[in-house]
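Below, in structure tokens: the form predicted alone, a single chain.
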């Protein structure tokens, strides 16, 4: 991922594009770097692939601006599946396609700053805001789960306003805890595991994002939206179901 501002997502720039991945995969990309419309297109295209239920398709997934499809070579051949992808891709303007059904809005409490977000002031300064204004900005609008990656159930959330196109650190913070809220390059992440990171640690949630014992082990899904709000009692959040977060259906 990069911190480059949004680019135009148009076929004249070479997108959308279909590429082969190994011997049994295709990657359908809608931009060369993070772009809000391209993310919407990738989510919509993956949903369409799943509705098609083509024989031999074993897996569909999305990254920030691409949809991935893996197929069973014993059940379908490369050329015919590529032709189906071409037809589906040409069937509509995916950049204007509606987001998938079944999405949810999650209202998530966060304890900002202090020991639970030691780099909040630094991140706010880089974004040109006071700490108070930074918290207000980060809580003002929902951010979309653009993809799940890096660790099980871990969401990349965005995009933030342009002034939050702040760089990663040049070095690593040795460890931030599970459920930490971090920020860089116009995105937020809530970590599903404790980890080193080059992103700035600005707050702490009570979310348990990866639940291997559950039928649906990932709490969040690509396309869901998250609206953060400020909280002050982390111990209470950690004892609450879903870390105090509540969800409602998006229509």
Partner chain sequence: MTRAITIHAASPGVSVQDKGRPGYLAQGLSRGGAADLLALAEGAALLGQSDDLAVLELAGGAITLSASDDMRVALTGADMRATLDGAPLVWGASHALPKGAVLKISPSRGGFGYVHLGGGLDAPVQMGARGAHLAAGLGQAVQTGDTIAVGPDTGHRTGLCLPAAALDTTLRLVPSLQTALFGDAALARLEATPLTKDARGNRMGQRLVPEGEGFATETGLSILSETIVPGDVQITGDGMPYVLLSECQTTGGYPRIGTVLPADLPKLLRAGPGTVFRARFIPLDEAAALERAEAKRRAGLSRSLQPLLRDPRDIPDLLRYQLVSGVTAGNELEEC
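It should be emphasised that the depicted structure is a prediction, and the values quoted were computed from it without experimental measurement. Numbering follows the first chain given and starts at 1. Here the rigid core means the biggest group of C-alpha atoms that line up within 1.5 Å when the two forms are laid on top of each other.
Not on display, but discussed next: the form predicted together with its partner chain.
Contact here is defined as any heavy atom lying within 4.5 Å of its partner chain in the predicted complex, and by that definition not a single one of 44, 102 and 106 is a contact residue. Stretch-level contact analysis of 86 to 94, 127 to 135, 167 to 175, 111 to 119 against its partner chain in the predicted complex, using heavy atoms and a 4.5 Å limit, identifies 167 to 175. Put simply, residue 22 is close to its partner chain in the predicted complex: some heavy atom of it is within 4.5 Å. Though the partner is left out of this view, residue 191 does not reach within 4.5 Å of its partner chain in the predicted complex, counting heavy atoms only.
When contacts are judged by a 4.5 Å heavy atom cut-off, residue 52 does not count as touching its partner chain in the predicted complex.
When contacts are judged by a 4.5 Å heavy atom cut-off, residue 34 counts as touching its partner chain in the predicted complex. Residues of 189 to 212 placing a heavy atom within 4.5 Å of its partner chain in the predicted complex, in sequence order: 193, 198, 199, 210, 212. For residue 211, the Cα coordinates differ by under 2 angstroms between this form and the one not shown after the core has been superposed.
With the core held fixed, the Cα of residue 22 is displaced between this form and the one not shown by 2 Å or more. The gap between the Cα atoms of residue 27 and residue 167 is smaller in the predicted complex, by no less than 3 Å, than in this form.
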